[in-house]
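First, one chain by itself: the form predicted alone, in structure tokens.
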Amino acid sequence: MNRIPKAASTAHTCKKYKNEAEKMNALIYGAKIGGIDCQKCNNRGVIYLMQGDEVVFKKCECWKVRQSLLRIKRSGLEKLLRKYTFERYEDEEPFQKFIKQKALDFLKDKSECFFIGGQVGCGKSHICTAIVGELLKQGKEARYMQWRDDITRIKLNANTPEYSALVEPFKTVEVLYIDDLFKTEQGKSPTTADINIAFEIINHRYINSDLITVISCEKTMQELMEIDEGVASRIRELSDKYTICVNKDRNKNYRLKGVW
């Protein structure tokens, strides 16, 4: 709870402070962000109220969501959230219908982890982004981890005081979306450092069952097992019936639709 300093005059009455709080709550100077339109705080993120003879403010319930959306905006996921929704997900093929239904069931069941791996361009990032978008609307705090970019930055700081500050948010955030887990330059395998950092993040979330993890990967679960059994088996156990592996088939790459 944060206090707003009282005016110098002591002639202010409780009624005046109450009126002041009501006027401040009526102001609409916040922005509607990512579909979040909060009627409680008029999109400010804070609510003003009386406490004794002072006006104080507290963070609104939408505060965490707004902070998540701002981080997502900086990460580049904001446009994807608008583009990659369940409504815009193509489900003409049976495998697409299966993926979409699994994603909807995952949200309904409030499970711990959703994993989809396999064929490039089959809609993995689309369905994962749609899931995260719905979780944000439910008021959950989320963080986007673009594996290839973020892992590079983390490794560069491996032996510095900044390392923990970079890794900890991925370990502890309420909802973590890891996009393209173990994505590397073509022909290269994940390094020992890649695997160790992935294990540190996944293991923490494995132990803390109240956290939600959404993962897309170009590897199937079997291929992940070959990279590191410790990481893969934890993901497999967490995701359980929400483990989807799309067989490698270029006909399922909708980015190439109409090319052949």
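Residue numbers run from 1 along the displayed sequence. All values reported here derive from a predicted model rather than from experimental measurement.
Omitted here: the form predicted in complex with a small molecule. The next part is about that form.
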Subject >> Contact residue in the model of the complex, from 104, 156, 120, 165 (heavy atom within 4.5 Å of the small molecule) >> reply: 120
Original post:
From the list 137, 73, 82, 88, which entry has a heavy atom within 4.5 Å of the small molecule in the model of the complex?
Top reply: 88
Original post:
So, in the model of the complex, is residue 96 in contact with the small molecule at a 4.5 angstroms heavy atom limit?
Top reply: yes
**OP:** Evaluate residue 111 for contact with the small molecule in the model of the complex, applying a 4.5 angstroms cut-off between non-hydrogen atoms, and reply yes or no.
**Re:** no
Original post:
Okay, which stretch from 124 to 132, 147 to 155, 168 to 176, 185 to 193 lines the small molecule in the model of the complex, with non-hydrogen atoms inside 4.5 Å?
Top reply: 124 to 132
